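Presented below, as structure tokens, is a lone chain in the form predicted alone.
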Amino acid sequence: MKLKKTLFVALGLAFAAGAAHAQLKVGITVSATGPAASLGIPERNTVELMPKEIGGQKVTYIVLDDASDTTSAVKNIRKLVSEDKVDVVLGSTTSPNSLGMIDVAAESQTPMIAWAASSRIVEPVDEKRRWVFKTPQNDSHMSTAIVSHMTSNNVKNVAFIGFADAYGEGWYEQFKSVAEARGIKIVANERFTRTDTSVTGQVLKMMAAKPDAMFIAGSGTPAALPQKTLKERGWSGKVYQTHGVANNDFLRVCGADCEGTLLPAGPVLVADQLPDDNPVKASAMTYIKAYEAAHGKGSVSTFGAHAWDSGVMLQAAVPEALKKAQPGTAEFRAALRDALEGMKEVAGAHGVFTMGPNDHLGLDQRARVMVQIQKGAWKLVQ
């Protein structure tokens, strides 16, 4: 009888342990405060719209704020993988934060889907980055769109100003490579920080170079500072920004100073202006309707859509991983990594994802459009 009781207790403990893992645990670190908050807040809001069940598994989201700070982002991912035992990590919002998180994802062999743009987050796909994926379009992808527009509009030389961090440096490297190949000369190369309150010195140097156009490589509301300064100093020529400013907070802060600004963006920004046969329109509109139902008309930003697309990825990959293992195990994390890498033609709000062993972004030309700011709104450039 004692043996039977012992056996039943052991079985009960085994069942309880299995039940404890009968859910998918998703860890998230997001820049909901700090300089990148205008990007991180819609991402955090989007988490609330993500599926509560995938493949018959309950999904638990553990959300931490890294305050736009790289050190905090690294601490967050360490906590998520070591204490919370998550199956996958999403985030962070900015490139410096996401780059800082890669080592922890690799050490713990936990799949990570970044919401930041730098191509260095996923390139090259080495032993560390084999665990890392991302949803935003690469800088190189968007640089090509900008340069194509410049060459079509007789822009021969450009003055550049970007963040003094991984975002700005990554953009300069990618833009310089594409621009020079197309015969466009960079006549000024300046930097500023996300927390600067003045860039007058940099802007005066840029204007002294007499470029055909200005290119600002920043993200969120801090990217408005160079543009407002350019207008104050009398610049009336073309201004290009990156897809890092594609949110309504940027429009609000920059105001009339950003009229006419050109930038590449994910199709979600102008989804309602896309033709009905565009392969991204239906999936983009699904996100827009869900977000606006929760936060009001016109509240959508492309950054929230990056978070949404990580949820779309999980809906495609988790059922495949469940065929091999259960959440809460190293085997499941490895299977989820493999399933993410094997995704084919998965339509999100920003594009259609097809991953591979050497491509952990998986987006093609369907993931970008050129837009212009007209009368405080985003307009598709035909």
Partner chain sequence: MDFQIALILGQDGITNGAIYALLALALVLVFAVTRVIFIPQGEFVAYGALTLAMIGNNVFPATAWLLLGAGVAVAALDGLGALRAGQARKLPRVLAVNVGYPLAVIALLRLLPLAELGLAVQILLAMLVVVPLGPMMYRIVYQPIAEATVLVLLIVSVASHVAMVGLGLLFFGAEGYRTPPLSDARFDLGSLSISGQTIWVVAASIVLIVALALFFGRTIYGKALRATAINRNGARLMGIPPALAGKLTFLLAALIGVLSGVLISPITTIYYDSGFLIGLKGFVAAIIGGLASYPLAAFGAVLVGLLESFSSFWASAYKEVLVFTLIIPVLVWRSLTSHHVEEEE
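Computed from a predicted model, the values in this text were never measured in an experiment. Numbering follows the first chain given and starts at 1.
Only in words, not in the display: the form predicted in complex with its partner chain, which the text now covers.
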Partner contact check in the predicted bound form: of 328-336, 313-321, 50-58, 36-44, the stretch with a heavy atom within 4.5 Å of its partner chain is 36-44
Should residue 253 be counted as a contact of its partner chain in the predicted bound form, where contact means heavy atoms within 4.5 Å?
-> yes
Residue 181, heavy atom within 4.5 angstroms of its partner chain in the predicted bound form = no
Indicate whether its partner chain has at least one heavy atom within 4.5 Å of a heavy atom of residue 225 in the predicted bound form.
-> yes
Might residue 173 be said to contact its partner chain in the predicted bound form, defining contact as any heavy atom within 4.5 Å?
-> no
Of these, 221, 110, 283, 302, which has a heavy atom no more than 4.5 Å from its partner chain in the predicted bound form?
-> 221
Among 119, 247, 144, 72, which has any heavy atom within 4.5 Å of its partner chain in the predicted bound form?
-> 247
Hey, which residues along 184-204 are within 4.5 angstroms of its partner chain in the predicted bound form, non-hydrogen atoms only?
-> 190, 191, 193, 194, 195, 196, 197, 198, 200, 201, 202, 204
